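The data below hold one chain only, encoded as structure tokens and taken in the form predicted on its own.
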């Protein structure tokens, strides 16, 4: 059964090789935001013939076709997620690297208001928040 990402690739007219199918499946099943090395690790566990070069080429192809999004969380590694139609943001735990996806209607209204006040129609944006859990921060203060 094709993954969501494979179906999107086919709709975009991309040729789907067996290795691209594996990579698309890895990305569709990801619940995190893997970097290329992690995608390669997961893909090569399914098909050991998949090289890191193949993963890099495929990720670039998928990104250019707008079926995946490249993310920069400030850790020096490009991370990826399947392109989605629902809009969301990310909160990154700077200690653990955990990425929490969220939506916020108030923030959406605020960004539109700011753009309007400055005389712009907003056509896109990206927001990443960085933090540490309060409990962990309080524990460190007590030490």
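For clarity, every value in this text was computed on a predicted model and none was experimentally measured. Each form is matched to the other, and the largest set of C-alpha atoms that superpose within 1.5 Å is called the rigid core. Positions refer to the first chain, counted from 1.
Keep in mind that the form predicted together with another copy of the chain is missing from the display, and what follows is about it.
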- Query: Which one, 78, 65, 45, 91, lies within 4.5 Å of another copy of the chain in the predicted complex by heavy atoms?
  - Reply: 91
- Identify which of 61, 83, 100, 52 has a heavy atom within 4.5 Å of another copy of the chain in the predicted complex; exactly one of them does. 100
- Item | 4.5 Å heavy atom contact, residue 122 to another copy of the chain in the predicted complex | yes
- With a 4.5 Å heavy atom cut-off, would you call residue 116 a contact of another copy of the chain in the predicted complex? yes
- Message: My question is simply whether residue 109 lines the interface with another copy of the chain in the predicted complex - judged by any non-hydrogen atom within 4.5 Å.
- Response: yes
- Touches another copy of the chain in the predicted complex: residue 15 (any heavy atom, 4.5 Å): no
- Message: So if I measure heavy atom distances to another copy of the chain in the predicted complex, which of the stretches 52 to 60, 91 to 99, 37 to 45, 22 to 30 falls within 4.5 Å?
- Response: 91 to 99
- Let me know which residues along 70 to 91 have a heavy atom within 4.5 Å of another copy of the chain in the predicted complex, or say none if there are none. 72, 74, 91
- If you line up the core, does residue 108 shift 2 angstroms or more at its C-alpha between the shown form and the other one? yes
- Is it true that residue 10 shifts between the shown form and the other one by 2 Å or more at the Cα, once the core is aligned? no
- Message: After superposing the rigid core, is the C-alpha displacement of residue 118 2 Å or more between the shown form and the other one?
- Response: yes
